[in-house]
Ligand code: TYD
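Listed next as structure tokens is one chain, alone, in the form predicted on its own.
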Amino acid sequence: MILLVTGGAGFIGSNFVKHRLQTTDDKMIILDSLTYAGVLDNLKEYLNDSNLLIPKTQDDLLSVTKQIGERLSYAVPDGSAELKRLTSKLEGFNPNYVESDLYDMVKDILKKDKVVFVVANIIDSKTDQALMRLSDVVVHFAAESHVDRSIFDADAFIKTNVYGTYTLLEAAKNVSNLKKFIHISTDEVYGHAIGKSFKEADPLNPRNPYSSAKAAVDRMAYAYHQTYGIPIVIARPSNNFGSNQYPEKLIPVMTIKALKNEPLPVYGDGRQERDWLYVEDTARAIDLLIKSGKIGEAYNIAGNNERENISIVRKILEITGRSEKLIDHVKDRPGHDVRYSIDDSKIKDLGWVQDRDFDKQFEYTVNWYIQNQNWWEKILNKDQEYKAFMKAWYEER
């Protein structure tokens, strides 16, 4: 089976790719534009000089530079922010710049390798169409995913999450080989869960730009199934945690700040509740949906581990051996949902079981950041977009 995985260098996407490669004989096409949260190091053991590709498409006919013994640069104007970002992202790798037919090149690589990584944006319809023709199943993770960033600047969330998904669906509409298109949505599309746990048939009521964009494409995917017969299955997982999570979300941010003995910024009173789902369990649930998920249906994936944010922060301080005096209650973010909670009975009817011990997985996750400081220090030291956002967002709090 050949899977097309969008956003495969991100947190959940890369964990899914590794899980699937380790447990199946699948071949994998990974499509990722390596925006700020895409990290090639997440998949470095699967990448080599022949299977990391940058396609030259009609939209990319700009300046290209090549230095002897170094990687090929992306087709963007020299000195641009895009070139600087991708140069940093590709450090230590040697991608191939593809001027020939992408379809043929990927097809040839998959004859001898299990993985092809294509550095391109899902908005690029030509790339989408070429890769969709080769794929049995699509697992669509690619999205801007940080609520804080969506409040700060919603533009990228509309372009990537909405228009990018539309472009993928249009490509899927034009092929006959596709068996399933797993669209990764989120529990946040339901909004506040006051006194209840949402079921799949409950109304969607998103309350921030990120979740509203995800709700829009959740329903767009469903509409493309109803209208064009695309074999859509929608997954709505709860808050994921685990290794390799970009250091802007709660657990990595608080862990890193604790390790650096910096104040831990807690929104408001910290009493907001989230349901925590270990990322490898998300991967197993998607496996199940590929195998048994009913086309045209949505499935909640719960962790059944509801915790207040402040309790998560205190647990991090306990594991890292830091004082609770580092907790700094800051101004809450606008439209902050108090609680997320979903009912996962529907996927349990397919045989889904989530029986990992939360405390053990949580401690493992925090220790991963303790033991892999080189991974996150590279981001903190070299990612200018990350540093600019964190400074701008927290400066006013």
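Keep in mind it's a predicted model, so treat the numbers as computed, not measured. Just count from 1 along the sequence shown to find any residue number.
Beyond what is shown, the protein has a form predicted in complex with the named molecule; the following relates to that form.
None of the heavy atoms of residue 212 is located within 4.5 Å of the named molecule in the predicted complex. In the predicted complex, the named molecule lies farther than 4.5 Å from every heavy atom of residue 224.
Interface membership of residue 340, defined by any non-hydrogen atom within 4.5 Å of the named molecule in the predicted complex, is confirmed.
Mapping the unseen interface onto this chain, residue 147 counts among the residues with a heavy atom inside 4.5 Å of the named molecule in the predicted complex.
Though the named molecule is absent from this view, in the predicted complex it lies within 4.5 Å of a heavy atom of just one residue from 336, 356, 348, 44, which is 336.
Scanning 85, 274, 284, 322 against the named molecule in the predicted complex with a 4.5 Å heavy atom cut-off leaves one residue, 274.
With the partner omitted here, the stretch from 158-166, 295-303, 216-224, 139-147 that lies within 4.5 Å of the named molecule by heavy atoms in the predicted complex is 139-147. Residues 239, 248, 249, 250, 253, 254 are the ones in 235-254 with at least one heavy atom within 4.5 Å of the named molecule in the predicted complex, listed in sequence order.
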